[in-house]
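We begin with a single chain expressed as structure tokens, specifically the form predicted on its own.
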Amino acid sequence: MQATIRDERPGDIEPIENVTVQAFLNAPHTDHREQHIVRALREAGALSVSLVAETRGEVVAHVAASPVTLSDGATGWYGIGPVSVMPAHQRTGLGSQLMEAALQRLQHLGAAGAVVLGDPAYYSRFGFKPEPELVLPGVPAPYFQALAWGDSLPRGEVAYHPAFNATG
């Protein structure tokens, strides 16, 4: 599917929330807080990357990336997510286009690497892999993956931005 991928604009806030709600409505392994997380990240000024995919003038997908904290003090690392695609546009390649665009944007920002929480089969396509020395407490290792753009990989625990605790 061909779409225009661009930065979020002020008028996209409501469509992004709608896309996020719809994308996770019937998804397994969710507590349905994703739209609250995106809003809280935006309000905290922590949306380092916020891209939308637009088809025929309609926002149909969104990806967010925000800084993460590492216990070893490493800097320049980001967490990708949520990644949201309207159900009618899922399995069309749109999510992959957004992921690739987000990764390119992070590299352009000088990121040292990125982490993601989700389906290992999906995210491994982009070079993510579980790293035994890099953990997200309480999450099974295969579902927390990292992608480094430098020679070194940090060690220790990763903490997402406090906005990931948003409930409403």
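Keep in mind the model is a prediction, meaning the values are calculated, not measured. One-based numbering along the sequence shown.
Just so it is clear, the following notes concern the form predicted together with a small molecule, a form of the same protein that is not shown.
Only one listed stretch (123-131, 102-110, 47-55, 136-144) carries heavy atoms within 4.5 Å of the small molecule in the model of the complex, and that stretch is 123-131. Using a 4.5 angstroms threshold between heavy atoms, G79 stays clear of the small molecule in the model of the complex. For L94, a non-hydrogen atom is located within 4.5 Å of the small molecule in the model of the complex, even though that partner is not displayed.
The small molecule is not shown here, but in the model of the complex it comes within 4.5 Å of a heavy atom of F24.
Shown alone here, E43 lies farther than 4.5 Å from the small molecule in the model of the complex, counting heavy atoms only. At a distance of at most 4.5 angstroms from the small molecule in the model of the complex, all three residues V83, Q90 and D119 contribute at least one non-hydrogen atom.
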